[in-house]
Structure formats: C-alpha cells, structure tokens
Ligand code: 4NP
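First comes one chain, alone, set out as structure tokens in the form predicted on its own.
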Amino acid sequence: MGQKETLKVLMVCLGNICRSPTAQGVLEARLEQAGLKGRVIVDSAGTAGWHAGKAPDPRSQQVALQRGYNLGHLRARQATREDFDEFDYVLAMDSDNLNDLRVLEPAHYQGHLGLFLDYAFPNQQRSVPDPYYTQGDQGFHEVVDLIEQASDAFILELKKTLRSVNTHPSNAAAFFSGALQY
C-alpha cells in the first residue's frame, strides 16, 4: 500500500440500522470538527442483509438528532468480502460481528480489522450493546455515549496514522500490515 491521502473506515454491526449507522454519523461529524473531513471517509454496513436499503431505526435517528447527528440520509447495506479491498479500517460493534467479519476477511487484507470500542477502552474487549435488548430508549443513548468516546479516541489514532503516512510514505505499508506500532 503506497502513500494514502485519505483513509477509509467501515463501521459494522448486525443489521446496519442502529449501531453502525450511528457510529458512521457520529464519526463523520467529529471528523469534520477535527478538520479531517475529506481525509477520512466513513461508511457502515451490517453482517446480515435483512435491512438493505432501509433508513436507520427511528429511535437511533431521534437520539442521534438530539445530540446533533443526522442519520436520515444513511441506508443499510450488507458487508461483503470486497469491502476489505476498499477500507483501511473495518471496525465491528461487537465480538459476534467481528467473528462474522473474520469469515469474510481475505488473507491478503492489509488494513485493520477490530472492535471499534478498543480505541476508547484498550484491552477490555468492549462491545457497543445492541439497543434492542434494553428497555426503552436508554439503550440508544448508551450507544451514542460509547460511540462518542470511541470516535474521539479513534480520531487521535487517525491523526497519528495520517501524519505518519504523509511524513514517511515508506511507512504506510508497514503500518497497515501491523509491523509498525505507534
């Protein structure tokens, strides 16, 4: 992988109608605030295709909008093996999603596949809880809280990566293969 001017991030949950589109919307807004709009491209997908083409859950949209994040333009899609050819980071919302993605991951993938919350809570194997298993809207608020924390930590990682790649182009392939650690 040569020098990259932009990085591409894919957020993945099960159905792509609550957690991963929320992560996409929050991360996009926070990237813009950090001055990285256009340098980091974010998308979301689900490991299952049940909701392909549908908008995020109305409760996800409502809670996100209360916090200033608009998810209304997003549409669900299913993650594919080809996503690994396009995205530098493929980040799962929970360990089940991560295991599903490992099945899709080609042997030649040079990016990073992992849990999104690892950025905010290193070495804790934390998952963004599925809000469908909580009472009322509280689960949707908890999802946004966790995603905001992880987004802020992830943006710090992205800044280091962009600075490293742009300062030392020969380091790009080594960084994404895991040979370089920061």
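As the structure is a computational prediction, the values presented were derived from the model and not from experiment. For every residue, the number given is its place in the sequence shown, counted from 1.
There is also a form predicted together with 4-nitrophenyl phosphate; it is not shown, and the following applies to it.
Though the partner is left out of this view, residue 17 does reach within 4.5 Å of 4-nitrophenyl phosphate in the model of the complex, counting heavy atoms only.
Taking non-hydrogen atoms only, residue 13 approaches 4-nitrophenyl phosphate to within 4.5 angstroms in the model of the complex. Contact check for residue 142: every heavy atom lies farther than 4.5 Å from 4-nitrophenyl phosphate in the model of the complex.
Shown alone here, residue 130 lies within 4.5 Å of 4-nitrophenyl phosphate in the model of the complex, counting heavy atoms only. Comment: 47-55 is the region of 23-31, 65-73, 47-55, 148-156 lying near 4-nitrophenyl phosphate in the model of the complex, near meaning a non-hydrogen atom within 4.5 Å.
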